[in-house]
Structure formats: structure tokens, C-alpha cells
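The chain below stands alone, shown as C-alpha cells; this is the form predicted alone.
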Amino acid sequence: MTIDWTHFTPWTSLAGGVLIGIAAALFVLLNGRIAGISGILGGLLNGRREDASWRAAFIAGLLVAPSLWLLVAPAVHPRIDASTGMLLVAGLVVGIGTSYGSGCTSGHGVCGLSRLSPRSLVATLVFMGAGFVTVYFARHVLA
């Protein structure tokens, strides 16, 4: 295994992780809510009127932030080694998984683990393990 040193970004990755941690901590401290994207989006799609405004603002922020970033930084062109159909299927499977797992990586992996939630530890271990197995099979067994 080799490291792609041209794309190795430990400092920006660390800064991003710190910002996510601070944002998640502030969100729970100021709002009493977990910053789990699937729960926020699910609550918005359920049509509950009483908390739709903050949920819509949160989702809008996720969509608008990359556009604002383009004002100060060059565009990033990721290489995705999958077809559009495969990405759609993967998105559906992840959506179903978040429903069965009662949360997503942001809810369990960031917020739940920081609260020392045993359920979130198990959920994070399961979805990380499933990801490792999926990548192994996709790259070494099926390829």
C-alpha cells in the first residue's frame, strides 16, 4: 500500500473534523438536538410544521455551503469510479440502512459516539465494517 502524497491533506482534514465537532456540539448545546442528517431530513419530509423551518435551514445550509466555498477556493473535481446507476442504488441502500439503523454516520458516528452512546458505538462499528467488506469485495473479489 502506498500513500498518494499529492492528495494527502492531514491539516485540512483535521480542520474539517474540528469544525464538524464544534458545529455538532453547538447544535446539541443550543438546540438540544442531534445533528444527524438523516433524522433532520426525515423530520422535514414527514411534514411536521412546528419544526420545519430549522430543518429546512439546516438542509439549505448543506446545499449552499459548497457554492459559497467556490467563491474562495478552486473547484474540486473528485474522481468517482462508479456509474450513475450504481450511485443511485448505493444512495438507496444507504437510505434504507439509515432507516433500519435509526440514524446515519453523522448522527451515530459523530454525535452518538461523542455522547458515549453504546447504541451508536454498535451502529458505527456495523456500518464501518459493512463499508470495509463492501470495498474489499468490490475491488478484490468482483474486479
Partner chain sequence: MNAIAAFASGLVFGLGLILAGMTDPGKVIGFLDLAGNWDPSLAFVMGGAIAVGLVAFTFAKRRTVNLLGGAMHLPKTSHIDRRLVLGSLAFGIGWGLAGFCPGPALVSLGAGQEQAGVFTVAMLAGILIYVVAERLSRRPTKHAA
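Since this is a predicted model, take the numbers as computed values, not measurements. Positions refer to the first chain, counted from 1. Each form is matched to the other, and the largest set of C-alpha atoms that superpose within 1.5 Å is called the rigid core.
Omitted from view is the form predicted in complex with its partner chain, to which the following refers.
Taking the partner from the other structure, its partner chain in the predicted bound form has no heavy atom within 4.5 Å of any heavy atom of Ala143. Residue contact with its partner chain in the predicted bound form: Arg49 places no heavy atom within 4.5 Å of it.
Once you line up the core between the shown form and the other one, the Cα of Gly47 ends up 2 Å or more from where it was.
When the rigid core is held fixed, the Cα atom of Phe8 travels 2 angstroms or more between the shown form and the other one.
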